[in-house]
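What follows is one chain in structure tokens, specifically the form predicted on its own.
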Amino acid sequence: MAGYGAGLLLLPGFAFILLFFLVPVGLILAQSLFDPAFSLRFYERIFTGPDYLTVLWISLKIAILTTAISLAASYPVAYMLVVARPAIRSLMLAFILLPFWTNVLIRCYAWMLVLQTKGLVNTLLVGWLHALAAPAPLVFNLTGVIIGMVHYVVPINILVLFSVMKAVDLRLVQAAKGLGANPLRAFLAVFVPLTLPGVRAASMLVLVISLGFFVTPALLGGREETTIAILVNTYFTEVLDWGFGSALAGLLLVFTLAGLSLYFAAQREGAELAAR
């Protein structure tokens, strides 16, 4: 019986994954492939209809832009967390974690109030600073979607990057400065390469989350910001075409798994280069 101890410890986790992930995903995929006999007509419909490929490209574009912008915004903040004094770090972490206590719907409605034509931003730019002659279109378009999604994923990005950065020995950067490198060169040549695993992990996590985003594009975007997730919801709840909606969900899953495969391949390559 002792030989089965490790297997028994894994059983609850395996049962959870089986019941709440593998079975639902399997049912969705089966729904997309059987109508009632085996058929690929739902997937053929996706790739023969240019509108669906356009929606797929919009989803990828939004996810990539969100990932890139959030990474650029998060990296300096994560570095500041590493070098800050403990009291300042605790205060910064409190503000970073604060958005997690707010529902995503409330965040979106708040951004509507801030970004609309008579919102805070346009009032400041047009009425107070006179920087613009007319209000800028900041919501119900791509700009609004990116702002809302970046706001959602930046705390996640910061925490992932911080978890990697705090393990970097800052004395290595000081050693580079002692050998004649200026602060910028020491940072770029020593600190940044050591944090690349965290950059890859944060980027992949945010990309996967962004690909499946529904609420923010639906509320802050316009008709040109229709994503795969919005289409899936439409075909499941309004059109009631579960077969085609399942095919769209399956396509989204394939792209997610492809991204994860690229991430793990990059991680293995990085580990091999580090070992040499």
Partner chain sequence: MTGRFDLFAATRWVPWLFTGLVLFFLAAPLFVVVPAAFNNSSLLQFPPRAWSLRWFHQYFDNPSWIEATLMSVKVGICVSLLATLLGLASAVGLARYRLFGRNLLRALVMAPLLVPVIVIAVGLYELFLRLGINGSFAAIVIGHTLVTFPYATVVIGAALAEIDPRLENAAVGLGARRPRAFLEVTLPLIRPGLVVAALFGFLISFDEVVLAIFLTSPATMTLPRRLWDGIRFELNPTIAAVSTMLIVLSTVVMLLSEVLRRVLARRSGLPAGQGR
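Residue numbers count along the first chain shown, from 1. These numbers were taken from a predicted model, which means no experiment stands behind them.
FYI, the form predicted in complex with the partner chain isn't displayed, but the following is about it.
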- Heavy atom within 4.5 Å of the partner chain in the model of the complex: which of Met80, Ala201, Ala176, Leu194 fits that? Just give me the one. Met80
- Message: Exactly one residue in Ala131, Leu120, Ala189, Leu172 has a non-hydrogen atom within 4.5 Å of the partner chain in the model of the complex; which is it?
- Response: Leu120
- Message: For the three residues Trp57, Pro135 and Gly222, which mark the spot I'm curious about, does each lie within 4.5 Å of the partner chain in the model of the complex through at least one heavy atom?
- Response: no
- Report whether the minimum heavy atom distance between Val168 and the partner chain in the model of the complex is within 4.5 Å. no
- Query: Should Ile28 be counted as a contact of the partner chain in the model of the complex, where contact means heavy atoms within 4.5 Å?
  - Reply: yes
- Query: According to a 4.5 angstroms non-hydrogen atom cut-off, is Leu252 in contact with the partner chain in the model of the complex?
  - Reply: yes
- Query: Is the gap between Thr226 and the partner chain in the model of the complex 4.5 Å or less for some heavy atom pair?
  - Reply: no
- Message: Suppose contact means any heavy atom within 4.5 Å; which members of 78-109 contact the partner chain in the model of the complex?
- Response: Met80, Ala84, Ile88, Met92, Ala94, Phe95, Ile96, Leu97, Leu98, Pro99, Trp101, Thr102, Asn103, Val104, Leu105, Ile106, Arg107, Tyr109
